[in-house]
Every structure is written in C-alpha cells, then in structure tokens.
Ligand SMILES: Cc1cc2nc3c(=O)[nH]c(=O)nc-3n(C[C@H](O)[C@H](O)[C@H](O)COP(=O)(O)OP(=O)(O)OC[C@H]3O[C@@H](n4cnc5c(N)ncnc54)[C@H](O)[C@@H]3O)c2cc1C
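The chain that follows stands alone, in the form predicted on its own, written as structure tokens.
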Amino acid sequence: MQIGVIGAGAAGLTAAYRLTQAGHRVTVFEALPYVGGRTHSAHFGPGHHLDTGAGWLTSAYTQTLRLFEEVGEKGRLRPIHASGPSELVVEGRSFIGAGLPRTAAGDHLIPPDERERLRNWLHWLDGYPPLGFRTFNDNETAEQHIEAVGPAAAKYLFAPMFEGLFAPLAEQSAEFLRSWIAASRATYYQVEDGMDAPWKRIATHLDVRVNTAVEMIRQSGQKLEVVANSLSLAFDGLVVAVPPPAGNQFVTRAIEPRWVAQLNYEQVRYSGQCRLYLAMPGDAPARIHRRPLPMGPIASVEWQSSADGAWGSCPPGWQWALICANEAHNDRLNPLPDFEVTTRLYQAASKIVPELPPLDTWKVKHLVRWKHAVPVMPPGHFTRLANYARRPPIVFAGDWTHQACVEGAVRSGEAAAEAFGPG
C-alpha cells in the first residue's frame, strides 16, 4: 500500500519506519524545516546544544529504547547528571527537596498525617504500569483524586510538579497524574548530540519531505488525496501524527465522522511552553533550581555550571540558566515578539534569583516557544483512548493518543503501523 504520514515527530517517524519495514511505500510530510518534532535540539557550537522540548528519556521508555537499539542509536544514551536540589520558595521562605520539601532546620511543609497518607499512596502505586494507562476512576480529576492525601501535598508537591508545565490539576484526569508518578521511578538519560539525533538517523531510512505543510485531505475515489504546498498525492491510507489543534486544519468530520467524534478530536487541546536558555563562560556560584509559590509568570529558574547537567549539553568551563514560564501565562506571552518575551521572562526570573548576571552579559540567549507542547488529558480522555479501534484508511498517532511523552508517541506510532498490517 501507498501510505502517507503527516508529521515527522517521534510518532510519525516511528509509524513510517514500521510501515516501511512491513513492506508499505511511505511518504512523510513535515511542515517544519527539520524532523523530530518536540525532540528538536538547538545547536550553538561544538558540544553545546539545548533540547528544546523533551529533555530526557527514562528506563521506563521500553519501546523507545528498543527502537533506538534496533537502529544502532542506543549508544547515545548517557545517564543524566542530577540538577541542583529543587528549592520551593513559599512567600519568601525556602524549602528544599523534590519529594518532601523542608527548611534547613528540618521543618516540613507537609504535616505528619499527610506524609503518612502520601507514603501509603505511593506504595499503592508500586507495580502500576508506567506509561501505560488504566481507566480506573478516569472520570475523576487529579485534584479530586489527591484530596484523600491532603491539601498540603496537593498545594506544595503535586501542583508545583505539574501545573507550571502541564495544566491545572482540576483539568487533568486522575489517571494522568497516577501514571506519571509511577513512571518517575526510573533511570534518566540524556541523548548525546541532542534528543533529535536518533530521529534524524531514522529519517534517513525514509522519504521525508520537510517544509511541506499539508493543506487538505480529500476523498478521490478509493484513494485519499493529500494536498501539500499546493501539490497533491494519492494514498491508500494515512497516519495523522500531528497535535489535533494543528490537525484540525485538514482533518474534518467529512473525512471520518465516527473516529473524529469518538476521540473528541476537535476538542483536544495542548498546553504551551515558553523557556529562555542562557549560557556564557564561567562557573555558576551554586546549583540553583528554584520554584516560586504562589507561581506567577515563572514556573522555575535553573542556574548551574556545565558539569551539573543541562537540558542538553553545555561546554566545560561554561554556565547555563534555564527560565521556564508558567504555563498559565503562555497565552499572554504568545502574541509578543521574541525580544519582549525574553525581557519579561528575565526580569521576572531576576526577582526569584536576584544574583543572575545582567541579561546582556550572557553570550547565548535562546528563546523556545512550543505552542502545542503537552496534551491536556482531561477526565474521560483515557476511557476514549481505550475504546479507540485504529482502522484504516485514516489512523491517528501522537502522544495525545497514549501518554504525554516520547514513549507515548513511539507506542502510538507502532500501534498505527500495526493497524495497516503487512504490505
């Protein structure tokens, strides 16, 4: 069969690679000038790059690691250097620790009775399928689910962990929170030469057309016609592997009403991400990873020396800083030009970490903006996914159809390819 794949991120490239192995003739369309999607890395010089979207892989990413080993890319994985200890600043008071934050004197933010309930809840998660999903209480929000643990744990542990990056706990399925916490108990890896390096390797085995934006899908007899860059190609089947907010431009109810309606496709939304990366020669005075509460424009500020790790790789003898915007402020930042976003983020970050050097002293200043960064998994989402039967000629793939991570994208791409069977 002649199959078109729309999107050259982890999901689309996985689907295309498996389809090619199965004997199909595959063409991949990618609107951006590069492959890899949200694994994209920005390079600034030898040994210096920033992973702009996905920042790591873990040992829980079993299908991803298997794929990388298959294409000879698993050797790129390096155990990640731990970031500085997370510091939660609550109304000017500092609490250290990623799990149970406390002051230097040992005073806990979370009271003893809640700490005990939290331990019991984490013990209950032992054996939970990491990066798989269940439909158990999928109708519950994450906020409702952790009420049994207690308000302090919700406010000081789970909200800072999720809300600056994803969406409010009140908007996420309880299953999303459970599966992510279960998956966090793993070994973490960075990828040498950038998160997108293995995907570039995989793309060399495929017919990938970058800078090719799909404008329309339409029926043409027994074929599906893809119109891209004002040219059309006919296919026997399609894998749509782009975020639904982007796919809504060419996926319509006229194509396949049942599939679109069943998955709530037109209503699937994504959280955005905005980050400012800075680097220059010299050593950072400390390993800083600070998160403010209440959370304003900034979700976190990291400032460290190269040896202490980064979202990528920083040259020896250099220091780097990463300023992450609070997801709730992205709508205010998106319409602004890059220089204004850079200035606003830096000014807000300087209030959280006053020791930061002036903005104009940093040699590298790189602003990252992902409009469709992380899918929002609301109550009921996983139940819809469990009932989704992938049937050609159009099959959906992407992290939103499994889990919000590279592994979810890979598993979805493999499931999409399996739906077409052998060529």
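Everything quoted here is computed from the prediction, not taken from an experiment. Position 1 is the first residue in the sequence shown; the rest follow in order.
A second form of this protein, the form predicted together with the named molecule, is not displayed here; the remarks below concern that form.
Colleague: Are all three residues G37, A54 and V242 in contact with the named molecule in the model of the complex, where contact means a non-hydrogen atom within 4.5 Å?
Modeller: Result yes, every residue of the spot touches the named molecule.
Colleague: When the named molecule is placed as it is in the model of the complex, which of 114 to 122, 270 to 278, 332 to 340, 229 to 237 ends up with heavy atoms within 4.5 Å of it?
Modeller: Only one stretch qualifies here: 270 to 278.
Colleague: Would I6 show up as a contact with the named molecule in the model of the complex if we use heavy atoms at 4.5 Å?
Modeller: Although the named molecule is absent here, I6 would touch it in the model of the complex, with heavy atoms inside 4.5 Å.
Colleague: If you check in the model of the complex, is L165 within 4.5 Å of the named molecule, heavy atoms only?
Modeller: Yes, L165 is a contact residue.
Colleague: Give a yes or no for I146: in the model of the complex, does one of its heavy atoms lie within 4.5 Å of a heavy atom belonging to the named molecule?
Modeller: Looking in the model of the complex, residue contacts with the named molecule do not include I146, since no heavy atom lies within 4.5 Å.
Colleague: Given that the named molecule is not shown alongside this chain, does S350 nevertheless sit within 4.5 Å of it in the model of the complex, heavy atom to heavy atom?
Modeller: No, S350 stays farther than 4.5 Å from the named molecule in the model of the complex.
Colleague: Within 4.5 Å, heavy atoms only, which of Y346, W318, Y128, F250 is in contact with the named molecule in the model of the complex?
Modeller: Looking at the other structure, the residue within range turns out to be F250.
Colleague: To verify the annotation, which of these, F382, F29, F68, F396, has a non-hydrogen atom within 4.5 Å of the named molecule in the model of the complex?
Modeller: Filtering the options by heavy-atom distance leaves F29.
Colleague: So which residues in 199 to 220, when you check the named molecule in the model of the complex, have a heavy atom no farther than 4.5 Å from it?
Modeller: Going through 199 to 220 in order - heavy atoms within 4.5 Å of the named molecule in the model of the complex - the hits are T212, A213, V214.
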